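Given as structure tokens, the chain that follows is alone and in the form predicted on its own.
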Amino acid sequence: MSALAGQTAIVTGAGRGIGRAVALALAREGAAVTLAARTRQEIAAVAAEIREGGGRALAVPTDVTQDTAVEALVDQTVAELGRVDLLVTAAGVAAFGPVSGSKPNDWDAMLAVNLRGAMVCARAVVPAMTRQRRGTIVNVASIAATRAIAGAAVYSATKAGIVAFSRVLAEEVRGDGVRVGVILAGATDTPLWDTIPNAPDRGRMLRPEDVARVVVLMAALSPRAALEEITLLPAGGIL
């Protein structure tokens, strides 16, 4: 019996990077997966890969900065797959540079996707999970939430915010059978780094599959246990 057989998951940012790896890993463990991202072609390709492997997948183009789109994502998942057992918020954007050299408008996308978008997604699945008396929410944060990294002030603020949000939400829904966890991941080799100058050595970074294994671990624990916060770093530490 696969670890997540019979469960249904929603993964944001599922078209590439960590989200894609998480979606594939969950499907291998038997979960039906709703793939959410803005780029239709990317999630369609991941869905096809899951189906070719014998899994169930639903591709729903979604912009997590749009509240109505997030609500529709959850509604469609329940309508077509029957339930929501797991949410993984892996959608994220990043821009780096000193605060003095940036403009407030430059921060908006990170605040909207990394922080508000993840919060809205979590809020949207709580009613369904509460009705089931079962569910797991895993928010993908960053080691930047707890370590000072020059040039990452706003990105760090968004990730620290989702860590704080996860901690409080965990307390609010614990009595309803819903678990909330957050992963503080170190540098991970994803397309996010393609446009970032002077990136660390990508050969030393985590792989998306490393993060996906942690998500599976958190989701597959028995209902009597909750892994609420985990730091995952490259073997070499902070890069």
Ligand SMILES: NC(=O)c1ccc[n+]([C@@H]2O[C@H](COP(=O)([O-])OP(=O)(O)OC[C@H]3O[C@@H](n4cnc5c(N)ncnc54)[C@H](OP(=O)(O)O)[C@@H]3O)[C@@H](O)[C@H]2O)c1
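In case it trips you up, residue 1 is the first one in the sequence shown, and so on. Nothing here was measured: the structure is a model prediction, and the numbers come from that model.
Just so it is clear, the following notes concern the form predicted together with the ligand, a form of the same protein that is not shown.
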- [ ] Indicate whether G181 is a 4.5 Å heavy atom neighbour of the ligand in the predicted complex.
- [x] no
Open item on the list: Does any part of S142 reach within 4.5 Å of the ligand in the predicted complex? Heavy atoms only, please.
Closed with: yes
Task: Exercise: R38 in contact with the ligand in the predicted complex, heavy atom 4.5 Å - done: yes
Open item on the list: Although the partner isn't part of this model, could you tell me whether V138 comes within 4.5 Å of the ligand in the predicted complex, counting any heavy atom of the residue?
Closed with: no
Open item on the list: Just to confirm, with a 4.5 Å cut-off on non-hydrogen atoms, which of A122, V113, V84, V154 contacts the ligand in the predicted complex?
Closed with: V113
- [ ] Would you mind picking out the stretch of 125-133, 155-163, 74-82, 100-108 that comes within 4.5 angstroms of the ligand in the predicted complex, counting non-hydrogen atoms?
- [x] 155-163
Open item on the list: Suppose contact means any heavy atom within 4.5 Å; which members of 52-67 contact the ligand in the predicted complex?
Closed with: T62, D63, V64, T65
